[in-house]
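Next comes just one chain, in structure tokens: the form predicted on its own.
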């Protein structure tokens, strides 16, 4: 049961956003800018960062939602949706590019605390082809998802236990993005 009164049946961040639309608009705008706006990273790569950080924060709702969105985006790019779970299991052995691996390492360090990111981490990402925008976006996505995860879990919001329950929302986010993403 949530710590505050929220609409019944609306899981995770959907309940608080529906209840408090004054925060829904800027939070969705931030998610849209980070995950679908201009970037040298694909939407699938950015969703993968969000999924990874959410899994590291043990935020079931966010991890499951963004896992599904990532899988849909990977499929649309002709890639295996299994990549998402392989990254969650072990970033070091997951079948991602060395650039993506270096960025996920940075994201993981931001999740632990922003000051853990070192010059060597950034140099490695650059060596593997990451530009300033990719590094910026990785750090901001990781930091933002720490906030989103804490928002969802700090209010003790409800989430379905079955990952298949996130299929529709993942498909919607993959195709429509985050503007007006809260169903009414």
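Positions refer to the first chain, counted from 1. Bear in mind that the values here come from a model prediction, so they are computed numbers and not experimental data.
From this point on, the text means the form predicted together with another copy of the chain, which you will not see here.
In the predicted bound form, at least one heavy atom of residue 23 sits within 4.5 Å of a heavy atom of another copy of the chain. Contact check for residue 179: every heavy atom lies farther than 4.5 Å from another copy of the chain in the predicted bound form.
In the predicted bound form, residue 110 approaches another copy of the chain with a heavy atom inside 4.5 Å. In the predicted bound form, another copy of the chain sits within 4.5 Å of a heavy atom belonging to residue 135.
When contacts are defined as a non-hydrogen atom within 4.5 Å, none of 9, 14 and 62 contacts another copy of the chain in the predicted bound form. Residues from 42-56 do not approach another copy of the chain in the predicted bound form: none has a non-hydrogen atom within 4.5 Å of it.
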